[in-house]
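Presented below, as structure tokens, is a lone chain in the form predicted on its own.
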Amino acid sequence: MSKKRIIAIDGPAASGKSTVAREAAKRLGCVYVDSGAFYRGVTWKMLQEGVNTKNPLAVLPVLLKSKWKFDVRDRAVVFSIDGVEPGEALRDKAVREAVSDVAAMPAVRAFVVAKLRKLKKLGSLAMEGRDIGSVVFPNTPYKFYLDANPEKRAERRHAELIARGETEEAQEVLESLKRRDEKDSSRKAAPLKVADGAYVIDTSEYDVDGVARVLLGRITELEKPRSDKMINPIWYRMTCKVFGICLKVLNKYTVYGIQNVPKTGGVIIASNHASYLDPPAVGASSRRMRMTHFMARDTLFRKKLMGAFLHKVGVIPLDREKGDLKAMKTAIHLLKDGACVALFPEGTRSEDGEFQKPKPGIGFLVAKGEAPVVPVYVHGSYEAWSKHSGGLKRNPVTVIYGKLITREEIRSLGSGREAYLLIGELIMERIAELKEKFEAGQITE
């Protein structure tokens, strides 16, 4: 395989990570890595040595003295500790019950993360765990988060235990999983969470093949080659650079959450619209991750020089009076081709700075473009340059990028006109949540 990939698959216990990661590794020719086995390995070693697994001061000296050796067997990483392979003992009940305490220790996590990162030398990896996309390999574009409801996960885990000859009751398994979820999500060191830009897959109603197809389809989409002739990269980057400098100097422009914009694959950036400054502010900030297409009213293209400039930076002309089907088709084509398109769901600038209802066509475009959405809130732009401000003011402007609204979440709203309305409302709700959090001082990075 010529292309080197690091596929990060995170999620709670019994969400299907191991099975899906193995299947992905098999289909893509990667080496499978179960990061949880490393933490279970540490736990197993401590139990073997009679160490108190709740005491970091007792665990660390034994861990640092241990010698780990790694090998690849049947396209999966295996390891020995001080010359002994734990094997199936890693799945023993005593290990399962103690591993959350051990894995929550910062020193243990640092030790294991260092070991995991060194595995890159083995080539392409399909690695599953709880912080692979958020901590171990945060820069990989191939980030996934698998989840399922607790009852479904407990059912799967119970079946696994029965197959191994263990006799735990189903209710006991469910309660154990819930305790594990609570520990993993609330620990201070690398808590279980959806990594920035991760693609979320609900595995509740999928079999292994179904989840694998969704995952591989997403990888194909991310790797789809693009020859975007609508944007001149030099003109685009130069324009965004100028906008960024002007905004910094005049409006003390700041940006939060830009890491939430995926670097590859079709994606929509959806922002509130209160000012002339919103498109430049979004464009200048999103440039750090990728080039972005905007829509602008077609009357701007009628002036020769302005029209030529807008075409060079990839702006799509839009007839706002008639509901431009051609512009919609262009945007949908770009999204399916892996591009980034910025939209303003309200359609036009707000008269008073307050949010407006989303235009009906926004939901249609999002649904047909089949791309996830990054909600964006631009703060302060209305005060800086609104329809009625009489010119640019030196008011601070802040751009906040929110968590990705996944395609699965959008599809769950249904189809047809009713769904289009719900999609637009969902996007505006997420933008409103960003506004609320920012004004409450809850967004600081």
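None of the values given here were measured: they were computed from a predicted structure. A residue's number is simply how far along the shown sequence it sits, counting from 1.
The form predicted in complex with a small molecule exists for this protein as well; it is not shown, and the discussion that follows is about that form.
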| message | Taking the small molecule in the predicted complex, would 36, 40 and 132 all count as contacting it (heavy atom within 4.5 Å)? | response | yes
| field | the small molecule contact in the predicted complex: residue 324, any heavy atom under 4.5 Å | value | no
| message | I'd like to know if residue 340 sits close to the small molecule in the predicted complex, meaning any non-hydrogen atom pair within 4.5 angstroms. | response | no
| query | Looking in the predicted complex, any heavy atom of residue 260 within 4.5 Å of the small molecule? | reply | no
| query | Does residue 103 reach the small molecule in the predicted complex if we count a contact as any heavy atom within 4.5 Å? | reply | yes
| Looking at 179 to 187, 75 to 83, 140 to 148, 331 to 339, which lies within 4.5 angstroms of the small molecule in the predicted complex, counting heavy atoms? | 179 to 187
| request: Please pick, from 109, 349, 293, 156, the one residue with any non-hydrogen atom lying within 4.5 angstroms of the small molecule in the predicted complex. | output: 109
| field | The single option of 194, 255, 99, 212 touching the small molecule in the predicted complex, heavy atom within 4.5 Å | value | 99
